[in-house]
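Take a look at this single chain, the form predicted alone, given in structure tokens.
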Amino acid sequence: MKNQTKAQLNQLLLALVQHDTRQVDDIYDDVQTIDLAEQIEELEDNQLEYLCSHIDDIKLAEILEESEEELQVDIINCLDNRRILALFNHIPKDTIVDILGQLPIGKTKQLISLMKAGEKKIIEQLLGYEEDTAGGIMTTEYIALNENLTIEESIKKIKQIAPKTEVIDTIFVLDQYKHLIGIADLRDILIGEDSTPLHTIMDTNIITVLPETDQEEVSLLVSKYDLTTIPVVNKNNSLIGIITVDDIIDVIVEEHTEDLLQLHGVHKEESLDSSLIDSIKMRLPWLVVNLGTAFLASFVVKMFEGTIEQIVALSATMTIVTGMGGNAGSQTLSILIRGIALGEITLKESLPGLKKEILVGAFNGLVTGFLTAVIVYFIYGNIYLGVIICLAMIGNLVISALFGYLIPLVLKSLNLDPAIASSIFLTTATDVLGFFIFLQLANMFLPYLL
């Protein structure tokens, strides 16, 4: 598929050189725009400039909308302001705001100053919201009708407004004060009697969000209530925008990626394309923190140097305990972060789940500890070493369950992302306490180990 799209891009460039508009249309219609945008990223600067200069506004606008951020900036840099504004006529307002947010401030101000008054007001309003809030991802292109319109009048209005909107299957119903009072399904409108007032077929049970609502919370509402759109209202319940399901999908992917990266101390802005310096800046701080926690574990081991010197087998077996604790804690951590992300658990409601995780940790520790004890006995021929490692395994898996459960909840209660390097804190707990429990038990049983 990738090679096919690349070949189609080469054919498209050739057709543009030959000014063969029919072939350009045929090739363009035969390929998914997002696939084409991915291949355009590999073009040389002069090839990209030629493409931007010779392809029509509608096609280039579609490519711009589907492109990654870096390519969007490259395309904008190939165009003059007049052409950029012409492309913006074919792109949703929320996407325009996203593009403007990537440009230098001077360039953004320049483009906004050239916009028409109405469009300028909307863009400036959208730019005023944080990018990870409902206001930051909403679009202002929707159909809102007065409640007193008849079905016949509503259909006429829909036909007039539809070409300029992103969503037409959901109609938002307003009262005389422009307050949102209901939503109407396009299907119900099309099959309704012409003389029926719009307010008689609308659904008044509406799920709304404020523009300041975090995008993750918005995605949870959309998922919970199976919504295709969710309206954004101000404190007066006036409709100021809507969020569509395609934007929510982007949010879910973004949040999942962010959690996955931050769970291991990687900055959400880093990618394979990040520069060497940027990658070092984003990773090194957490590695330094991790280094400090590693020294804590090392100091615990140093406390029992005398014991380890007498029983060499301890140095070979104690890492089994800490390793299993880290693995078990990661399981609990993953479940907790997912539960918090889905809004299923808070710190106040954590006690029942915490009890269960501790019991799971104790049982798993008993089973894995027993298996380890049997193997250790056959290797070293000392039953007491097996008993020590079994007890240490139970203790460390209980600790891993406790910390794996509480770390993300505590971070959340402090208004921090629960995925922020939770694994680093968990590893610290399981290593430090795991070594301590194992070596302290070994110290207690020392006469039986010699």
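Counting begins at 1, following the sequence as shown. Between two forms, the rigid core is the largest collection of C-alphas that superpose within 1.5 Å. On a predicted model such as this, the values are computed, not experimentally measured, just so you know.
Just so you know, the form predicted in complex with a further copy of the same chain exists too; it's not on screen, but the next bit is about it.
- Heavy atoms within 4.5 Å of a further copy of the same chain in the model of the complex belong, among the stretches 111 to 119, 85 to 93, 173 to 181, 243 to 251, to residues of 243 to 251.
- For the options T140, S330, Q72, T133, the residue carrying a heavy atom within 4.5 angstroms of a further copy of the same chain in the model of the complex is S330.
- With the partner omitted from this view, the residue of V232, L126, L198, L336 that lies near a further copy of the same chain in the model of the complex is L336 [heavy atom within 4.5 Å].
- With a 4.5 Å cutoff on heavy atoms, D80 does not count as touching a further copy of the same chain in the model of the complex; it lies far away.
- Residue contact with a further copy of the same chain in the model of the complex: P163 places a heavy atom within 4.5 Å of it.
- Contact check for F435: a non-hydrogen atom falls within 4.5 Å of a further copy of the same chain in the model of the complex.
- Residue contact with a further copy of the same chain in the model of the complex: D30 places a heavy atom within 4.5 Å of it.
- Taking a further copy of the same chain as it sits in the model of the complex, the stretch 156 to 181 comes within 4.5 angstroms of it through a non-hydrogen atom at I158, K159, A162, P163, T165, E166, V167, I168, D169.
- Comparing the forms between the shown form and the other one on their rigid core, the Cα displacement of I27 reaches 2 Å or more.
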